[in-house]
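First, one chain by itself in structure tokens, the form predicted alone.
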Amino acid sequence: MGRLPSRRYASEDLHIRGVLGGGVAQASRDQWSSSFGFFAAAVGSAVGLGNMWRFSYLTAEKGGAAFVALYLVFTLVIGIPVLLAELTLGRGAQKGPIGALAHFGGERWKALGALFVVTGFLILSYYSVIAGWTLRYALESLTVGIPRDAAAHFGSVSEGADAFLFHALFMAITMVIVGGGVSRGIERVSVVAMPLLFVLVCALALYGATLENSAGGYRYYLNADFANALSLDVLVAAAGQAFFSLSLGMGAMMTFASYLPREAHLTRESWVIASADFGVAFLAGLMVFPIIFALGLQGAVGESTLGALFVALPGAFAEMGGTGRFVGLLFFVALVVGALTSALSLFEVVVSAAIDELGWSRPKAVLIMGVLVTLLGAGAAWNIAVLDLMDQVANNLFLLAGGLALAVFTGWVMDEPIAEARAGLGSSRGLGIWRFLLRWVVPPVLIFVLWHSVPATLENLWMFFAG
């Protein structure tokens, strides 16, 4: 992918568009220094702990290759259309979610942008707790090794002061990187982290292929159970995964797109990001399941996703001696890298909103918002039940509701979304279909998913607070 226009050229373009379009443009706004930098950061946002394990887990449990086929269909009809909508709004307004919605829809639409920011804030507050676990396990694999009694070890470090300490440490790392800005902070890390993640996942997948009994993992992962895949539960899961895996509904892609110049080809970027996201997620399954089956841990797969990642696999790595310690180090480093790239995008949503809407400097926004996120995550760090509840609220309510509203806004409210999407180096090919999907396909599908996920979430909320 070629280089983007120089920062000077991009700033001049922003100034001209601000004057001619009557909008507010910030000539000093940071820009990605290359298209690969934006690509790496955007894919890094999409590829996180959910892709490294959740996609593999759902694929194995809900139809194998049949689930993958469903996921790809929903990615085409939901994921890519909403992704392109976020990129279009962010690049067009050169603002984060709140400013972008106000720019194209007026002040009354600021509330939707605020929902995106709140969602990113909430997700990061508990996501960094889980990321802190991966950071601890990576450091332990490098230094002292993981104890053989992995279950007791996880029980002692997953809640309480230890969990909060590593949550705070992970947030501090995130704050330092985002504090460096878009091109000097997020981009510099992403262009190294994403290739590193790809190499680690490929290396572990190749290692898993050499293990005895790994074939059972491939069969479990890629079984083609079409009868199971067509059930209501699996349809909802596939639609939800297609939406969640691309970091949609939380303003991350909109915020990253706000640092793009006018010349960016948004249609191409949408397809490339979605393809890379799926590729890494699929490779992660080829990494995890052969190792799980070769080590005889298949019983842990259906019990708990956290149990497999932080109890069963670490325990098996500990039993393998020196080889297991090295493989475990690579495995948890890959998880840390995936977690970090996603955390950077979530935190940038919050920081960008503070800079754009409150007029704060980046250092001030990073410090204040970072401390607030860390404090909100304290509840999740001290109690896994709180973490699980926060995850349900964010994923089953906020993300889906935000994505639904975004599709309605772009499809029905925004003036000339096709003209905005094809601006610069874009083209109009397929954009009529894009708007049709946003109007007539995405809303019904997301309403369908909400209809089946909201009751259970509200019930869990009631039980948590009542019990």
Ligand code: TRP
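In this text, rigid core is short for the largest set of C-alphas that superpose within 1.5 Å between two forms. One rule holds for the numbers: they count along the sequence shown, beginning at 1. In this text the structure is predicted, and so the values were computed from the model without any measurement.
There is another form of this protein, the form predicted together with the named molecule, and it is not shown here; the text below is about that form.
Undergrad: Consider Ser342 of the chain shown here, and say whether it contacts the named molecule in the model of the complex, taking contact as heavy atoms within 4.5 Å.
TA: Yes, Ser342 is a contact residue.
Undergrad: Verify the contact flag for Ser245: yes if a non-hydrogen atom of it lies within 4.5 Å of a non-hydrogen atom of the named molecule in the model of the complex, no if not.
TA: It does: once the named molecule is placed as it appears in the model of the complex, Ser245 has a heavy atom within 4.5 Å of it.
Undergrad: In the model of the complex, does Gly403 have a heavy atom within 4.5 Å of the named molecule?
TA: Looking in the model of the complex, residue contacts with the named molecule do not include Gly403, since no heavy atom lies within 4.5 Å.
Undergrad: Can you tell me whether Met250 touches the named molecule? I mean in the model of the complex, with a 4.5 angstroms heavy atom cut-off.
TA: Output for Met250 is yes: heavy atoms within 4.5 Å of the named molecule.
Undergrad: Here the chain is shown alone; which of Leu431, Met414, Leu49, Leu58 has a heavy atom within 4.5 Å of the named molecule in the model of the complex?
TA: Contact residue from the list: Leu49.
Undergrad: State the residue from Phe317, Phe332, Trp133, Tyr127 whose non-hydrogen atoms include one within 4.5 Å of the named molecule in the model of the complex.
TA: Contact residue from the list: Tyr127.
Undergrad: Using a 4.5 Å heavy atom cut-off, which stretch among 237-245, 76-84, 171-179, 355-363 contacts the named molecule in the model of the complex?
TA: Heavy atoms within 4.5 Å of the named molecule in the model of the complex occur in 237-245.
Undergrad: Is every one of Ala41, Ile186 and Ala257 in contact with the named molecule in the model of the complex, taking contact as a heavy atom within 4.5 Å?
TA: Contact check failed for every one of Ala41, Ile186 and Ala257.
Undergrad: Taking the rigid core as the frame, does Trp53 move its C-alpha by 2 Å or more between the shown form and the other one?
TA: Yes, because once the rigid core is superposed, the C-alpha of Trp53 moves 2 Å or more between the shown form and the other one.
Undergrad: With both forms fitted on the core, check whether the Cα of Tyr137 differs by 2 Å or more between the shown form and the other one.
TA: False for Tyr137: its C-alpha shift is below 2 Å.
Undergrad: Rigid core fitted, is the C-alpha displacement of Phe331 between the shown form and the other one 2 Å or more?
TA: The answer is no, as the C-alpha of Phe331 shifts between the shown form and the other one by less than 2 Å after core alignment.
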